[in-house]
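Next up: a single chain in structure tokens, the form predicted alone.
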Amino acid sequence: MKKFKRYLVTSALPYANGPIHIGHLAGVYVPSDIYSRYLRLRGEDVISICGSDEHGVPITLKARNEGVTPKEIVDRYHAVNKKAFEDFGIAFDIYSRTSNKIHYETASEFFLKLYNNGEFTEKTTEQYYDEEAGCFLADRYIMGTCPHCGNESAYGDQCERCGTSLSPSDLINPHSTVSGSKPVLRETLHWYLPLDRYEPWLRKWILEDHKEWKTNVYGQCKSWLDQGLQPRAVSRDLDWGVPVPVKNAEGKVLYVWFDAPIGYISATKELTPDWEKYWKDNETKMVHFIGKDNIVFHCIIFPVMLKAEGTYILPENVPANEFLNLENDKISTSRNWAVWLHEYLEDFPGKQDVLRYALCSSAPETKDNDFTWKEFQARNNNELVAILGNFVNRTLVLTNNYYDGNVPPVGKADPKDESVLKELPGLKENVENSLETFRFREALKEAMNVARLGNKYLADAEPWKVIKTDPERVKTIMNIALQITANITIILEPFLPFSMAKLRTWLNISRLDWNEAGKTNLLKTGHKINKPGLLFEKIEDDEIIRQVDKLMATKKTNESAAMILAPAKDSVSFDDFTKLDLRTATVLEAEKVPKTTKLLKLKIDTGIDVRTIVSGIAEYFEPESLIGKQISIVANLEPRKIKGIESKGMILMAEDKDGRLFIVAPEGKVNNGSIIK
């Protein structure tokens, strides 16, 4: 493994359009902080970079909905999130923002370097324009019917029901979310980054040179490369963002996916005048911590930007996590289905480490995972209190009771003592290896094994009994227990920084470096320790019930809102209606579309032919359950290619208040191809 002189750790810049929730923490910020703290304990030259991503359509949408300016939105949430991170103990070296002057300058310079080097291609295309509002429409400002699943609230870039990526021209009956009017197509000029030109280089750099990347990251990158890369626009027609710094670019800003990662560079510039040694020296190891929705940007697009610029290093690793669900349901900011960090800190004062521990223990490292309040309580009561807290409390209380808080001398060690002491260096090495390979759940488990080792040692040695018959032996037992406790302050420091600071106070020691871990003479004979308190306290049922009740109230509110029926659509003529060819059909074969989570490929018998339909219903139906089922379809919908498969038609579905889909089918058996009137 190559040794590096310094480390640059970046954490995904959160959108400044809402507060931080536990999904963000588990996916990005807790593992990033653990890794950075570990490197600092090792004495490495490391900086941890983050900040607010303050441009992009989600922010302008929120501002429009609230009737305020985008600046008011980003100012509000930058302050909220910066404070929440600080209170939670996420130790960034800087938490910057992309609305800062230094970022505008850095992003403009980066664009101009690529522009002057001829890296961009210019292309005039037709895009939707809102004549009533007098502006071009970003993808998220356009809604319509998804051509794949029939969702009438699909956005111009993605259908959030079936997960299919879209372009605005794919939508059926598109309308502007700004004015509600039907948009028209107008020509507009934009600049494109030719990702396809860098595809051969990316294939080698990722698929050959970085096979050590996590399987979920490597797999998603391979999928993108196998589909073939296309040029991607780096500019947008918007009035909020970094202006495109060339002539004939009035009303155009840098696309947020191009602008945001440059925020890592501008934040480093803001932090230190020596920023170039972190970005332009091959002796620096750059690591991006992100969620799975950012993999393509940090593993494909940003590396191409850096490669095209020519003077920057590339990331050594991108340990992206999957998504964290909440109580068996997808976290959703729009549905308020989340545990918000700032609210947690109010409801559980002084329990930052409990949440850090719970989130790391169930981190969605290679697949989606679930957070429940009951498991959170169990992690605290059964592990932090019963194992770690119990061992520390017994060790320090007995030392104060027997020796007035002075570390006793160690006598002759017996084989059990020697066996325990020999385990410490191995446990340190296990934690180290897991952290170096970004397996944080495994690292935490190994770190807690130090406390388990100490707990078992005390339980087996029973100094509270032996003190009556062999007080000299107890001195050795308590010395060893204290050495284990001192090791805990080092090995668990990256995971539980608040608790380890408290424990160091009780032990009356300063922070120890990582290279001290595994040693058995950290506390010298006669060293005076202080009287302890409780390292962790039990979380009672009523505290958990309150949190669950809060979520259930949110669910009830969502259900009530969902029960409000959508308004009736505009009238259509009878002639228009008769153009639809609605028929019955039977499913002959069904299978999941590879490399997707929401799409099913169905072979159906329409009575007049056998055809294929691709439908975004895999979340609701197992393929085998559909075989032989009779369905209703739009038979004359214009064919479309979805993931390379030609789909001819659309299944008719009904959606309940929970968003669950049901097949619209005849009540009894009818002939395939029967007309639905």
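What we label the rigid core is the largest C-alpha set whose atoms superpose within 1.5 Å from one form to the other. None of the values given here were measured: they were computed from a predicted structure. Note that residue numbering begins at 1 and tracks the sequence as displayed.
We do not show the form predicted together with the RNA, though everything after this point is about it.
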Fill in: Heavy atom distance at most 4.5 Å to the RNA in the model of the complex, all of 424, 624 and 652
no
Worksheet item: Looking at 390-398, 247-255, 301-309, 573-581, which lies within 4.5 angstroms of the RNA in the model of the complex, counting heavy atoms?
Response: 390-398
Worksheet item: Going by a heavy atom distance of 4.5 Å, is residue 643 a contact of the RNA in the model of the complex?
Response: yes
Worksheet item: Is there a heavy atom of residue 368 no more than 4.5 Å from a heavy atom of the RNA in the model of the complex?
Response: yes
Practice prompt. Indicate whether residue 637 is a 4.5 Å heavy atom neighbour of the RNA in the model of the complex.
Written response: yes
Item to complete: Verify the contact flag for residue 323: yes if a non-hydrogen atom of it lies within 4.5 Å of a non-hydrogen atom of the RNA in the model of the complex, no if not.
Response: yes
Worksheet item: Can you pick the one in 383, 237, 270, 93 that has a heavy atom within 4.5 Å of the RNA in the model of the complex?
Response: 383
Fill in: Selected contact from 189, 509, 534, 552, since only one has a non-hydrogen atom within 4.5 angstroms of the RNA in the model of the complex
534
Item to complete: For the heavy atom contacts within 4.5 Å of the RNA in the model of the complex, list the residues of 444-473 involved, in sequence order.
Response: 445, 452, 455, 456, 459, 460, 464, 465
Item to complete: Spell out whether the Cα of residue 41 moves at least 2 Å between this form and the one not shown when the two forms are superposed on their rigid core.
Response: no
Discussion item. When the rigid core is used for the superposition, does residue 386 move between this form and the one not shown (threshold: C-alpha shift of 2 Å or more)?
Written reply: no
Practice prompt. Could you tell me whether the Cα atom of residue 580 shifts by at least 2 Å between this form and the one not shown after core superposition?
Written response: yes
